[in-house]
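What follows are structure tokens for two forms of the same protein chain, given separately as structure 1 and structure 2.
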Structure 1
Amino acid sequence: MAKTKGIADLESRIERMEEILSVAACGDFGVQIETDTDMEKADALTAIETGINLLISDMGEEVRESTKKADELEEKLNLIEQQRKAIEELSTPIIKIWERVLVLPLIGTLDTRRSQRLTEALLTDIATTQTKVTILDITGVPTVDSAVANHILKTVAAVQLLGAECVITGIRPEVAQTMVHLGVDLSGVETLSTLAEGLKWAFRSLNLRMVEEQKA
């Protein structure tokens, strides 16, 4: 009789272990098997139960750890995305240098996406401020291959369609060489060597004249 009761007791304990293990398998690591704290009553099963409890709490810890890492990773990715946007904004400042004159200093490489965003921002600015002249300064563009040149020419064409004027400045000698070698057609575009020349050109286009003040 005592023995059957002992077996029934064992069976229920094993059932409890199975139950707890299946709960843990479902991802809930907050569960533990109730064990007798009385060391005297400890038997072979108690060791297994303690082992399972340790395993479950360890796994819980691992999962918490990896979730935390995933969260951190996502946070970092978001940060990278934010920084990418910040860099994009920083690298394409549109500066109003004079009444109805904008300067767009291009810095870095131009891919399709960046040049599309840039054109969009520039054209929106031109339309809202009714800007007459845009100076596109490419001093900060390291290399101008045919793709980059194509992007620049498209931007210029879009500006001209709006009815505004566009001049490209800051073409370095080596850039001029590669553009000619690549067969880039700049015939429909005004090009000048420096930003200062560009500004003078803008003044002329707006019928403004710079006069040196005579000292009395």
Structure 2
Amino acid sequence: MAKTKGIADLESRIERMEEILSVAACGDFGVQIETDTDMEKADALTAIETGINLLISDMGEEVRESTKKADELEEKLNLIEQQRKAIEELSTPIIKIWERVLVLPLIGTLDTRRSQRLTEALLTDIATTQTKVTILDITGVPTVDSAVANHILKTVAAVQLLGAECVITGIRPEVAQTMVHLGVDLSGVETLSTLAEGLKWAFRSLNLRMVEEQKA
């Protein structure tokens, strides 16, 4: 009878170990197997039960540490994304320089993603403000490749489709040379050397006259 009871007890403990391991496998690491603290009553399964408890405890600690690191990483990535958006906004400001006149000063290196974002923002502003003249100033663009040049031309075409005139200003000699070498066709686009010339052109397009104040 005692032997039968002992076997039943072992089977119960084994089932309990299986149950605890199953719960831990589902992500609950707060479970533990109750073990007898009396070392004299310890048997072959006691060491296994203790080992399972330690394993579950270690797994729980590792998961908590991994979750903490993942949360910290996500927070850093969100901060980086916010900073990236802020930099993009600062580097591509769309300025309403006069009634119905917008200036988009392009600064820094242009990639495909940034080019698309600034074009979308520009077209939205044109439609919202009923802009008639847009000035794309590329004085601050250090280099121009075929992709950038083509995107600028597409931006000009999109602006014209919205019923606004567009002029490109600030084409530096080295950039002009690169565009010629790339075979970029600017024959259908108004280009001027400086932003100041572009503003004069915009005022003429709107039939506005600039009057210089005479100093006494």
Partner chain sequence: MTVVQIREEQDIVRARTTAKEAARELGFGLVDQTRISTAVSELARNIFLYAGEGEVHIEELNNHHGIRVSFIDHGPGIEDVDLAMKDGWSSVRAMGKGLPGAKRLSDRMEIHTETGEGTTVTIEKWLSPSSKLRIAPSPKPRGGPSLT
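Take the two forms, find the largest set of C-alpha atoms that superpose within 1.5 Å, and that set is the rigid core. For clarity, every value in this text was computed on a predicted model and none was experimentally measured. Residue positions are counted from 1 along structure 1's sequence.
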Output row: form predicted alone located in structure 2
Domain motion between structures 1 and 2, two rigid parts; among Asp28, Thr129, Glu99, Leu77 the one sitting at the hinge is Leu77
Measure the rotation of the smaller rigid part relative to the larger between structures 1 and 2 and give it in whole degrees.
18
Rigid core superposed: how many angstrom does the CA of Ala70 shift between structures 1 and 2?
3.0
Distance the CA of Ile56 travels between structures 1 and 2 [rigid core superposed, Å]
8.2
